[in-house]
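To begin, one chain is listed below as structure tokens, in the form predicted on its own.
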Amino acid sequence: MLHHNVKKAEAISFSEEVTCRHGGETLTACYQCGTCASSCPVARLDSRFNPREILKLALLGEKDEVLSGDAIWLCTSCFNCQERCPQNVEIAELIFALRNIAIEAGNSPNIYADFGGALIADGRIVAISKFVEKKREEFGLPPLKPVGVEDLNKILEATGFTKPEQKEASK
């Protein structure tokens, strides 16, 4: 009888994992009315993104489908969905929480790896072109100084971002 009470801690469900996160607390308040999808400008333009569908999948525990897809990365955080939600579900914050979980699981868009590589190499996300340097001079702006990447690389190393990996392009 004692061994019955001393069971190994069961793994929490995906919806519980989301609701335990900052920004994910309101997930279970969603009752799938569809107001979020009807007011979403991204959903109108791209059928891959539907906030209602993302929340439904999260509630159903479809962790792999939510985190490995690209839908959560399409949200522009315009807050239309959140402002109109009759249950006050904080949808934009939920998307941020899902993105954080996805990044921790190693699922992030390739552009983040590109940004990380550029930061490590040059200290900037985008290299400064000769054209930009010339235009700055024409407008009387000072030249951009090289960025010291040593301190930045210490930060990136501490956060585990020194070796950004690109996902294999899906076909």
Partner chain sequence: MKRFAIFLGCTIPARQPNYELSARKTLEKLDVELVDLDNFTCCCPAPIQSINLESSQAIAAYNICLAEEAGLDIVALCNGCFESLAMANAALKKDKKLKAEINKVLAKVGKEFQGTIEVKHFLQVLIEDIGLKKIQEKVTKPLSSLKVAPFYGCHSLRPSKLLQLDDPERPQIFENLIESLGAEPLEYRNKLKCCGGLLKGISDDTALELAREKLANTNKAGADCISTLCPFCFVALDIGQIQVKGKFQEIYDMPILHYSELLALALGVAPEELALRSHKIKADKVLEKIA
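Numbering follows the first chain given and starts at 1. None of the values given here were measured: they were computed from a predicted structure. The term rigid core refers to the maximal set of C-alpha atoms that superpose within 1.5 Å between the two forms.
Only in words, not in the display: the form predicted together with the partner chain, which the text now covers.
Practice task
Just give me the single entry in A121, L60, A105, V126 that has a non-hydrogen atom within 4.5 angstroms of the partner chain in the predicted bound form.
Solution key: It is V126.
Practice task
Report yes if any heavy atom of K145 sits within 4.5 Å of a heavy atom of the partner chain in the predicted bound form; otherwise report no.
Solution key: Result yes; K145 sits at the interface with the partner chain in the predicted bound form.
Exercise for the section: Indicate whether the partner chain has at least one heavy atom within 4.5 Å of a heavy atom of I155 in the predicted bound form. Expected result: The answer is yes: I155 has a heavy atom within 4.5 Å of the partner chain.
Practice task
Tell me, yes or no, whether K134 is in contact with the partner chain in the predicted bound form, where a contact means a heavy atom of each within 4.5 Å.
Solution key: Residue-level check for K134: no, no contact with the partner chain.
Problem - 4.5 angstroms heavy atom contact with the partner chain in the predicted bound form for E138 - result: Yes - in the predicted bound form, heavy atoms of E138 and the partner chain come within 4.5 Å of each other.
Handout entry: Contacts with the partner chain in the predicted bound form - residues in 17-33 whose heavy atoms fall within 4.5 Å
Key = The stretch touches the partner through H22, G23.
Handout entry: D64 C-alpha relocation of at least 2 Å between this form and the one not shown, rigid core basis
Key = Superposed on the core, D64 moves its C-alpha less than 2 Å between this form and the one not shown.
Practice task
Using a superposition on the rigid core, decide whether the Cα position of Y31 changes by 2 angstroms or more between this form and the one not shown.
Solution key: No, the C-alpha position differs by under 2 Å between this form and the one not shown.
Practice task
Could you tell me whether the Cα atom of R52 shifts by at least 2 Å between this form and the one not shown after core superposition?
Solution key: No.
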